[in-house]
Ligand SMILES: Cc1cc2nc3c(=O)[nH]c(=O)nc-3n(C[C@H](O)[C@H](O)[C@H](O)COP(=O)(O)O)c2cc1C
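Only one chain is included here, represented as structure tokens and corresponding to the form predicted alone.
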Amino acid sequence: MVNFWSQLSKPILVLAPLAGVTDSAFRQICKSYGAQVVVSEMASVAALVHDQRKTLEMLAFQPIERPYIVQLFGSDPQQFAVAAQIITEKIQPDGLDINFGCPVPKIIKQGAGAALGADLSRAREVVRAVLDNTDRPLSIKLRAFNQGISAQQFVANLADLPIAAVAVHGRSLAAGFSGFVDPTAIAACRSYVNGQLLANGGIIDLFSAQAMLAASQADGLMIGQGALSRPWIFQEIAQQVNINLSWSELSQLMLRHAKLVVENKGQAGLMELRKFLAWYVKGWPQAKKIRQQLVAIKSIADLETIISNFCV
């Protein structure tokens, strides 16, 4: 399998994996705005081993999303091995990714995410298990600091293995999803990463993207929260220009997103869309008023009516 990571133009722009967010519809939206690579929601290796149907449904994607990566989480190297085989055969993504940094308590209690990232020996076993059971390029995602282990120590432990890309979230495990982002902790990994180095965390606009690239010495950016209300952030970075959508343009985006959701998940998917609509109108005049209406939609017709009645 070709290592697509080595063929991407820089800075590489990647949509980060976010549980309950980075489904196929949103991945397609971000792709349309210039995200070069998109990553799935986290997939449990245990679920893939024991009852794979729902997880495989969640991981389904459209050809337009390529390069598309499936991110795995878990704690058992053998389950990772089996999951890698299943994903490679049945989903056929362009790459696999291992989560070593998720700070969510229910993930950590399973020995996964940041818990796995704090166990250098087991983490190495997991990486080897995946590499031995797929021909897809492997990437990993971790935290700058995790229970006394720095990202530099973590990647040094894996420096001899063929890892195609490393994404480092510049916050510590203790900082969760807010607080100080340390680009120097990302830069410290540079000499131990043979593939692409990606900076993650605190990237919300063109200015913060430029600052992160300069300070982290990264080959690209992995953006999650910064894309929720502004998926066009990828276009801003690629074109080096600030973008402010008009209400007409934002309306078209919301309707396009809604149609993609219905195509992928049926009318029931509009329930999940509501949070995106609330994010999209953040900062607009009368945002509170329109948000109250958007989070109650039951059909695309409802959305069309709300949009047409909103005066800016």
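Numbers follow the displayed sequence, beginning with 1. Just so you know, these numbers come straight off a predicted model, no measurement behind them.
Below: the form predicted together with the named molecule, not depicted.
Contact with the named molecule in the model of the complex holds for all three of 16, 99 and 177, each having a heavy atom within 4.5 Å. Contact check for residue 223: a non-hydrogen atom falls within 4.5 Å of the named molecule in the model of the complex. At the 4.5 Å threshold, heavy atoms of residue 230 stay clear of the named molecule in the model of the complex, well away from it. The named molecule is not shown here, but in the model of the complex it comes within 4.5 Å of a heavy atom of residue 42. For the chain shown alone, residue 183 is not a contact residue for the named molecule in the model of the complex, no non-hydrogen atom being within 4.5 angstroms. Heavy atoms within 4.5 Å of the named molecule in the model of the complex belong, among the stretches 193 to 201, 235 to 243, 128 to 136, 85 to 93, to residues of 193 to 201.
Of all the residues from 156 to 172, those having a non-hydrogen atom no more than 4.5 Å from the named molecule in the model of the complex are 169, 171.
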